[in-house]
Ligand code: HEM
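A single chain, nothing else alongside it, follows as structure tokens in the form predicted alone.
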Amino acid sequence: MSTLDARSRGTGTLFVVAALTTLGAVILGSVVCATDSSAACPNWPGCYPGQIGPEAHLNPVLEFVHRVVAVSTGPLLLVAALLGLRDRNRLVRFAPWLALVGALVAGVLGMLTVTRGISKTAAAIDLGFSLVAMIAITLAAVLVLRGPATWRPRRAPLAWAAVGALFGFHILSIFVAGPGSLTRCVSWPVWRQLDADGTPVLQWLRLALAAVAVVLAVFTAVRALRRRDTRMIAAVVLLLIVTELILGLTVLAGGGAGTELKGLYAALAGAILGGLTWIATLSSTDPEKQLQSR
């Protein structure tokens, strides 16, 4: 079950919950961005001055739920980091601490986004640390669940390249995006240049990087279908990719979309990155070593 000395199922569950909560914070953050919900709760930590909870409307509820989930990641990651210190795997000992730092930095910048506003550079740092936190704790959670196994990232170079390409693409998107553009959120491109965004050169670079990321992501998912331990999540990731491409090609590129579709578009992008990270980590462990150790 786990490389932890106690081999506790509770430890594995805690790591998975921490990973899913961190992924949830990333997805909800992207949905908040895509639906322009961040300004719906202009106060911090309460939604309004003198009132903690939001009004019963979509945007303030989204923003407030995102805050609750994001704040919840801190204690979960801290417990995971402390438990990970007992693990024989160096990555399990280190990754949760990296995730905790990433979540804390992103949390502070998220608060400043609401209360003061931040620059594009700060927004890129915010997103970057959020994604680092999600990737790091996902990696640790998978390793804990896999149990004694040899970590060999060179066995899955294209899978990690897909994760890296999507990471770089999402960060670049912030610098490309114009004021209020969906491009600034965690989402895939609408497959054409947008008048509201930045210089054409950066837009073309973004589209090129996105095309590379899509090819790598699809190849990774298709290849993962051949493995028993990655087959199910690979099928889910492929379904998410196809849905995301359809939304980008037919709905958004065809004349815009409503609040719900924008939120879905952003949510799927975060879920795809999380799923690919899970596949890359599973593909980087040696199942033969795992079987021998049982």
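Quick caveat: nothing in here was measured; it's all calculated off a predicted structure. When you see a residue number, it is the position in the sequence shown, counting from 1.
Below, we turn to the form predicted together with this ligand, even though it does not appear here.
- Every member of the trio Ser30, Arg67 and Ala106 reaches this ligand in the model of the complex with some non-hydrogen atom inside 4.5 Å.
- Note on the partner interface in the model of the complex: the residue among Ala81, Ile174, Ala156, Ala136 having a heavy atom within 4.5 angstroms of this ligand is Ile174.
- Site annotation in the model of the complex: the residue of Val214, Ala161, Leu202, Val114 reaching within 4.5 Å of this ligand with a heavy atom is Val114.
- Stretch-level contact analysis of 139-147, 88-96, 122-130, 194-202 against this ligand in the model of the complex, using heavy atoms and a 4.5 Å limit, identifies 122-130.
- A residue is said to contact a partner when one of its heavy atoms sits within 4.5 Å of a partner heavy atom; Ser38 meets this definition for this ligand in the model of the complex.
- Contact annotation for Gly110: at least one heavy atom lies within 4.5 Å of this ligand in the model of the complex.
- Using a 4.5 Å cutoff between non-hydrogen atoms, Glu63 counts as a contact of this ligand in the model of the complex.
- This ligand is not shown here, but in the model of the complex it comes within 4.5 Å of a heavy atom of Val71.
- In the model of the complex, this ligand lies within 4.5 angstroms of at least one heavy atom of each of the following residues of 162-189: Ile174, Arg184, Cys185, Val186, in sequence order.
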